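Below, in C-alpha cells: the form predicted on its own, a single chain.
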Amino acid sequence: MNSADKIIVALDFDSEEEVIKLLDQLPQASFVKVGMELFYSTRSGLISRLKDRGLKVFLDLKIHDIPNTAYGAVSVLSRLECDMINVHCAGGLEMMQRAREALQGDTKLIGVTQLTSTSRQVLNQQLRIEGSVEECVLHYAHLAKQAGLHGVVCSPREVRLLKAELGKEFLAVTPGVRPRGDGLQDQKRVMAPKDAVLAGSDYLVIGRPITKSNDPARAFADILKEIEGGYYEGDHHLI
C-alpha cells in the first residue's frame, strides 16, 4: 500500500454537489469516508456513484443498538458494497458478534473504541468509565477481535499498544490526525501524520485539513510529503 492509499478523506459535507466539487480537485484520493451527515442527506445512491469513480468507501455510521437491530443494519448496509463499515464497541460483545454474522461480501467491519474527542475527564466523569482512555480502548479492541471484527477505530496515540497486543493484521483506522501547524478543532487525542504511520496506523482519516483548504490537492500533497519526506517529531506530537 502506498502512502496515498493510507489516507481516507472524510467527506464532511451535507450535499453531493460539495462532494463532487472536492473530488474533482482531488485526483490523488483513492479512499473516502461518508459519515452520518452526508449519508442521511444523500442516501445510498451516493455510495454507488463514489464506487463508480473508482473510490473505496468507508461508511461511518457507528451502529450501536440491540444485537438483533445491529444484525439487521449491517445486513442492509453491507449490500451497498462499501469497503468498510463500523459499529460502536460499547454495544458489547454480543452486538458485535451479531453484526459480524450479518456482514456480506468483502466489506470489512471495524469497531469504534473511544472518539478522539473523548478526554480522560469525559471518560471518567461523564461516561462513568474508570481508568485511562488507553485502557478502555484496549479493552474494547480485545472485545472487537473476539467478536471477529477486522479492526477498530482509535486515536493514533493508542496504536502502538493495540498492535503489540492484538497483532499487526488487526486494522487500526485513526482519525485525530492533524498536519503540523494545524489546529485541534474538537479533537483531543491527536498526532501528526508521520507519527501516526510510524506508530502503525493502517489508515489515517483526515477531513478538514484537506476539505476546508483553499487548495485541497496541495493540502493532500503536503500531507504525503510530510509522511514520506522523513519529517518525524518522535514522541513530541505536533499541534
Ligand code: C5P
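Numbering starts at 1 and follows the sequence shown. Keep in mind it's a predicted model, so treat the numbers as computed, not measured.
What comes next is about the form predicted together with cytidine-5'-monophosphate, which is not displayed.
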ask   = Does at least one non-hydrogen atom of residue 33 fall within 4.5 angstroms of cytidine-5'-monophosphate in the predicted complex?
value = yes
request  = Considering only heavy atoms, tell me if residue 193 and cytidine-5'-monophosphate come within 4.5 Å of each other in the predicted complex.
outcome  = no
query = Looking at the partner-bound form in the predicted complex, is residue 205 within 4.5 Å of cytidine-5'-monophosphate by any heavy atom?
reply = yes
task = Answer for residue 153 alone: is it within 4.5 Å of cytidine-5'-monophosphate in the predicted complex, judged on heavy atom distances?
result = yes
ask   = Which one of these stretches, 194-202, 22-30, 171-179, 42-50, sits within 4.5 Å of cytidine-5'-monophosphate in the predicted complex when only heavy atoms are counted?
value = 171-179
remark   = As a check of understanding, the residue in 149, 80, 136, 112 with any heavy atom within 4.5 Å of cytidine-5'-monophosphate in the predicted complex should be identified as 112
remark   = When cytidine-5'-monophosphate is considered in the predicted complex, the residues of 1-33 having a heavy atom within 4.5 Å of it are 10, 12, 33
